[in-house]
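Below sits a lone chain in structure tokens, taken as the form predicted on its own.
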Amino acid sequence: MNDMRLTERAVDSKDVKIAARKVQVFYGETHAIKDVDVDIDDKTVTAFIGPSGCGKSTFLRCINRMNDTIDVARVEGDIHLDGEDIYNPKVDPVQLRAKVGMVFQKPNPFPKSIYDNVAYGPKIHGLAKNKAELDEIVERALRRGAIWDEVKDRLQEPGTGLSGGQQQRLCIARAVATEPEVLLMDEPCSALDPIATAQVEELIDELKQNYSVVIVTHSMQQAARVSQKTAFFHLGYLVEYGETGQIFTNPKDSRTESYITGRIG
């Protein structure tokens, strides 16, 4: 890479899980992300906030190369995971996505049994030698998704038969089944009712013990509740990034203050 300082910074600091420098994203002629620099810590919940269309989800999708699936998208700059350049041509995006799990806005269980939803990733990546090992992985993931007790007696029933909140926790269990190191969540509660939202938020708080969690949320209240670090995006720029308490109570940039107080958004 042309910027050795990035590599040293990312390798030297054990707290930094993801280091991004000068990241640009283009959709055809549209310049969606402009010059984003950020260090995302391990075992921390980082919230991306900002108005609709500000680039927060686009940047999130850079971290597991989901933008690769969009023909007109082009990503420039450097993103390192544990000091390794994730856009290096030698990096297999499928393997990267096993390390960087993703949970989407709408719960999207596969049209399979609850068991097979969770077992799918570990099977593809060869994480289990036999059925007993796979059973263990599935149980552990469902426990981490805080849904084991609700589904343990109905593992062969379809995942689509669960309630919305249960489906989202199943999707979180599916995402953690491949033992990822980073968990990306793109507005994971926006389709859920308040009770299910509270359950998922409680789960996010527990997940940070094992993962670097990055959550895009349109809810500033949610960002304040669940995150330790917050990044404010506006018009494709990362305007401000810091401790969540500081961003919400004493923002350094007037644009952040305007967004938080409801003057822009």
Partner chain sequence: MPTLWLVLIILALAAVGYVVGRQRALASSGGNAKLLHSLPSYYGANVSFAVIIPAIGLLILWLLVQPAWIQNRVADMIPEGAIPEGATLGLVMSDVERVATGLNLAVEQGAMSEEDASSIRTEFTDVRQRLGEVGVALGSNVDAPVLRAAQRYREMSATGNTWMTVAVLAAALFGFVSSLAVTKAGFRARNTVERVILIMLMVAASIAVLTTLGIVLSMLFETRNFFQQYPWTSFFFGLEWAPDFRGNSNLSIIPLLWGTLYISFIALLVAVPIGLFAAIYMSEYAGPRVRSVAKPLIEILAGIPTIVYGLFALITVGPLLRDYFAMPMGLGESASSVATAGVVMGIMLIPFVSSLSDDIINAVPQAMRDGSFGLGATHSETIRQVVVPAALPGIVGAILLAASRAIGETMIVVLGAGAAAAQFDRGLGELVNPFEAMTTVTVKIVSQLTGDTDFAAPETLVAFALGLTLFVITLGLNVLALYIVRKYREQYE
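If you're wondering where the values come from, they're calculated on a predicted model, not measured in any experiment. Numbering follows the first chain given and starts at 1.
Not on display, but discussed next: the form predicted in complex with the partner chain.
A single residue from the set V138, L81, I147, A175 has any heavy atom within 4.5 angstroms of the partner chain in the predicted complex; that residue is A175. Taking S52, T69, Q209, Q221 one by one, only a single residue has any non-hydrogen atom within 4.5 Å of the partner chain in the predicted complex, and it is T69. Contact check for G77: no non-hydrogen atom falls within 4.5 Å of the partner chain in the predicted complex. The closest non-hydrogen atom of F104 lies within 4.5 Å of the partner chain in the predicted complex. A residue is said to contact a partner when one of its heavy atoms sits within 4.5 Å of a partner heavy atom; Q166 fails this definition for the partner chain in the predicted complex, lying far away. Of the heavy atoms in C189, none are within 4.5 Å of the partner chain in the predicted complex. For a residue to qualify, one of its non-hydrogen atoms must sit within 4.5 Å of the partner chain in the predicted complex; all three of V100, Y120 and P158 qualify. Figure note: of the listed segments 82-90, 139-147, 190-198, 121-129, the one touching the partner chain in the predicted complex, with heavy atoms no more than 4.5 Å away, is 121-129.
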